[in-house]
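Below you'll find only one chain, the form predicted alone, shown as structure tokens.
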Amino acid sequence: MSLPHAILTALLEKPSSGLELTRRFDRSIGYFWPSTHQQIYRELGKLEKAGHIRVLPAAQPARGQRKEYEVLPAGREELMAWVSLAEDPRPVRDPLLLRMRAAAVVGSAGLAGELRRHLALHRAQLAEYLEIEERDFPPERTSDEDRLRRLVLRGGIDLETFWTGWLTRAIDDLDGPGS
């Protein structure tokens, strides 16, 4: 249910063509709500049909021209209603944790290598988030919009910090005495 709301959010930030929207997703919202380009284009059609967005009129109609979308008042109202909804946290559903549980009963051959690979991936993601924070959120940016966007980014930073710490401890435990 959240992809349409992610698209409405992005289009309220800046009216965009489908292609531009998919590129913006890859650089921002996609970090915490990944979607394929096909999913985004499919949702644009549904949102347009529902009356939440519209295609902006082109200055000069041309065949094959990119459609640029903007949010209509009904789309803004839908997003405002969704933002105010109560929603319970989702339980963790992570294949690595399940594989670790399975390793407890079938043996942990190869598991340490996979943990090290995940650790490297989480370290790289953490470094990228910290770079984004430094580049995009200097101390003088204090508007409510910037504050909320930074909080989302800080959530990503905190999650990656958790994973790097947890994976480091798990690797140390597997490599420690009795292994």
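Numbering starts at 1 and runs along the sequence shown. Note that the structure is a prediction, hence the values are computed from the model and not measured.
There is also a form predicted together with a further copy of the same chain; it is not shown, and the following applies to it.
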(message) If the cut-off is 4.5 angstroms on heavy atoms, which of these, 54, 67, 118, 37, is the one near a further copy of the same chain in the predicted complex?
(response) 118
(message) Against a further copy of the same chain in the predicted complex, would residue 48 count as a contact residue? Criterion: heavy atoms within 4.5 Å.
(response) no
(message) I'd like to know if residue 20 sits close to a further copy of the same chain in the predicted complex, meaning any non-hydrogen atom pair within 4.5 angstroms.
(response) no
(message) Using a 4.5 angstroms cut-off on non-hydrogen atoms, would residue 123 count as touching a further copy of the same chain in the predicted complex?
(response) no
(message) Can you tell me whether residue 106 touches a further copy of the same chain? I mean in the predicted complex, with a 4.5 angstroms heavy atom cut-off.
(response) yes
(request) Residue by residue through 19 to 33, tell me which have a non-hydrogen atom within 4.5 angstroms of a further copy of the same chain in the predicted complex. (result) 28, 29, 31, 32, 33
